[in-house]
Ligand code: GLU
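So this first bit is one chain, no partners, the form predicted on its own, shown in structure tokens.
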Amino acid sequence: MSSVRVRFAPSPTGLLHIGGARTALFNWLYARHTGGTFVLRIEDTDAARNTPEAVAIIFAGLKWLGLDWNEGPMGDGTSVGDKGPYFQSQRRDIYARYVQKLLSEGKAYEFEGAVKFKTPKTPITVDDKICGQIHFDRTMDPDLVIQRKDGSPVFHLVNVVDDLEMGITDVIRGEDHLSNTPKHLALFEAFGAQPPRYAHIPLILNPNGSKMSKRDEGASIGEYMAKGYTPAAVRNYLCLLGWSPKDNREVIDIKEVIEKFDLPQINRSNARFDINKLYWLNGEYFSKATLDEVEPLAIEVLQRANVLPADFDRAYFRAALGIVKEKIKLAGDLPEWMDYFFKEDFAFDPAAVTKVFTPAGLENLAKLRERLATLTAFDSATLEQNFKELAALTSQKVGPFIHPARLATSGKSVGPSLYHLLEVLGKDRTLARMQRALDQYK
């Protein structure tokens, strides 16, 4: 058996659809599982629809997901080195040569300026690695246009020619292409070539059972990139849309997926997309990720939201990120949770002000500030001890001191552990913020 060669062949239309991303992932997984080659081919023959920006979106999405494409052994001992992707717009001479071959052999003919392929009028059975044996009649199928009047090749022709030229051994694609397979097999036969093996992946549906379109929420990989999802979580979730490790686990490392992944394991039924499950899964990955792993994503999200200044103190930033990270499930939530670390003129939550900055609350804040000003150590353990001692001295619980302190130093009523928050802010910043609140509301 020759080395496995699979391909992902998207059309650049302005987004990387989640269905396309899953198709790319399953091809990549099969190539990595078998030690084969993953080829990226851009179907950009429609010049009116395709733009360099749309191609860049595909590249960015695949790289974000960690799906590296490659060219390697061709199965005959030769190698083409590390290159790719291929662009169909640069291969028109190749397609024209194949059209001419069909014309010269009487397997195609000119019709009103276009070229039509003589479709076989005999039944055929497609042996699909996921769908099983599917029978197609073909006796009433019309002849297939393979070249338009303007000389441009049609999808069916370029698809087959490229798979043939690139030595593709396995075509893994969406089930919506299953009906195209008899046409493609007929073209392979006409060229006297061995066709690849086919595996058609079931569709991704919305929660209500409708087919997921490009306009539906969650349909574009770009959405997850913009909202601060972790690539590993999205990739993990895409693996579970049609495949599973068979032991009901949801969180599974990509190395283990590669080891276990095979085409017959893919479910025959359509997969339903669940944004809540993806959000939960992202939280699992985000909370378990190390600070070093989260830091680049956090910086990108915070700078895009104009929260993080260009000259930020990295040690202070990492300390703040470290106490916030455990509280959230999505990097996109970081601006809301971290903005007050980097500005002193933050607003105070009006509802919290009414509830917390009462005369008694402000009196407690003033006593607390006075006590904290005397401290030489300002770590979380020392702070917790002093909060509790002050509460005992005033015959109160610790809550009446915690709530005004949090609101004064962050402007919010919720957040990370207060003692750790104050430690990160430091003594000078903490005292200054408490004084600002007292000056404004007392």
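Heads up: residue numbers just count along the shown sequence, starting at 1. Keep in mind the model is a prediction, meaning the values are calculated, not measured.
Keep in mind the form predicted in complex with glutamic acid is missing from the figure; the text below concerns it.
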### Query
So, R5, W69 and D170: all three within 4.5 Å of glutamic acid in the model of the complex by heavy atoms, or not?
no
#### Entry: Single option in N282, N159, N364, Q147 placed near glutamic acid in the model of the complex, where near means a heavy atom within 4.5 Å
N159
### Message
Just to be sure I understand the contacts: of F155, F346, F87, F191, which is the one whose heavy atoms reach within 4.5 angstroms of glutamic acid in the model of the complex?
### Response
F155
### Query
Hey, of 173-181, 288-296, 316-324, 337-345, which bit sits against glutamic acid in the model of the complex at 4.5 Å between non-hydrogen atoms?
173-181
### Message
I'd like to know whether A9 contacts glutamic acid in the model of the complex, with contact meaning heavy atoms within 4.5 angstroms.
### Response
yes
### Task
Verify the contact flag for E43: yes if a non-hydrogen atom of it lies within 4.5 Å of a non-hydrogen atom of glutamic acid in the model of the complex, no if not.
yes
